[in-house]
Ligand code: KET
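Consider the single chain below, provided in structure tokens and representing the form predicted on its own.
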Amino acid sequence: MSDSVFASVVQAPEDPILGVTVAYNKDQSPVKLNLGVGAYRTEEGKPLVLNVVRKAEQMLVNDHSRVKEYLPITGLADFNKLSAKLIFGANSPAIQENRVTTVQCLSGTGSLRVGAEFLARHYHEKTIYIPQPTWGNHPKVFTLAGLSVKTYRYYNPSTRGLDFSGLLEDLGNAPSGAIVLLHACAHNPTGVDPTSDQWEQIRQLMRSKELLPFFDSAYQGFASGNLDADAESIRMFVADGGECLAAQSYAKNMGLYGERVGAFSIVCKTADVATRVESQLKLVIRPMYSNPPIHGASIVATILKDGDMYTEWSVELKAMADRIISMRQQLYDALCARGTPGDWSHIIKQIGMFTFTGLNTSQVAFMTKEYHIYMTSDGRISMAGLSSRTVPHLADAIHAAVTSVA
């Protein structure tokens, strides 16, 4: 037999985030803990399907008039309309003036990719500035779509907070018209967000330089427990009448990870521009995946258009957010109780699913080897992977790592 035609293909490295789970699954230890995965877990460490999601699915299954026909290229119309309303606000002038075009995409990643490909084809500036650090998939998505990726300062390791002066300086030096990626809330991986006043300064600077905002909204409602508060940054940019882009995901806030439900919106200057933009978005999507899946989007639309179900969702969403906030407090208290060297207040100041612990690569490796705790090598932990039962184990491991590994 001759060699495979793919014999020269080399083994690719594991994805740095998904690879953590692969390593965790191989570990036989009874005390092992996976804090790498970006998915919500219950206090018992189990995945959660929201009650309101189960209810919506049951309604869909019982409706025998529903068929499995293809959706339009842009997706489910109801879903798109309701998604725009959720992120921009029910009374958004941009929606009322038909200046928003929204298309259903494959969760947050697919929304980012569709947006990036549209910009690479139709926007005059091909450079996008992304925060340093950011979600590991961002640079790959934008580069492969044909954009040139640069970074702006975001996180200050010494304060474990926002490097606001660095951020303003870097955006101030960006060429006029450049695209800027902004995390709407619950910045991944750091959990550090600008304050309202800081967002306002960022908005003024970006508008004065005609920088184009591209929001990634993966955690609306999941960060603070309040859907409107978590969309405040985006709404500031829409309120000034300027243009912006937004990628939305329902993975976290509805627990629809595997359904891959997302939306991509562009807020345009006029309704006429929005119509033409949508026609070109279709030309991006058609050769990519033709049209999106129907089931997940139908779940979302069912919940968003029913007042009682929407309220039920809001309550369940707040419960998830509150559990994560409580895990932050418990971990902070446990480290204080152990007298672990250093200031750990950033754990309770940061927001959302992730905490940037400030642990270095060697300390992370030590915790994996000695305590069977798995996280990404940059020290990012998923707070949703913790429970009251496992907090002491993590606090012991952090204490040991900080006191014995430089």
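It should be emphasised that the depicted structure is a prediction, and the values quoted were computed from it without experimental measurement. A residue's number is simply how far along the shown sequence it sits, counting from 1.
Just so you know, the form predicted in complex with this ligand exists too; it's not on screen, but the next bit is about it.
Proximity to this ligand in the model of the complex, defined as a heavy atom within 4.5 Å, singles out one entry of 331, 112, 299, 76, which is 112. Comment: this ligand is not present in this chain, but in the model of the complex one of 237, 219, 88, 129 has a heavy atom within 4.5 Å of it, namely 219.
Residues with any non-hydrogen atom within 4.5 angstroms of this ligand in the model of the complex fall in just one of 279-287, 68-76, 249-257, 314-322: 249-257.
In the model of the complex, no heavy atom of residue 395 sits within 4.5 Å of this ligand.
Mapping the unseen interface onto this chain, residue 265 falls outside it, with no heavy atom inside 4.5 Å of this ligand in the model of the complex. Although the partner is absent here, residue 356 sits far enough away that none of its heavy atoms falls within 4.5 Å of this ligand in the model of the complex.
Among residues of the shown chain, residue 23 is not one whose heavy atoms approach this ligand to within 4.5 Å in the model of the complex. Contacts between 174-190 and this ligand, taken as any heavy atom within 4.5 Å in the model of the complex, involve 183, 188.
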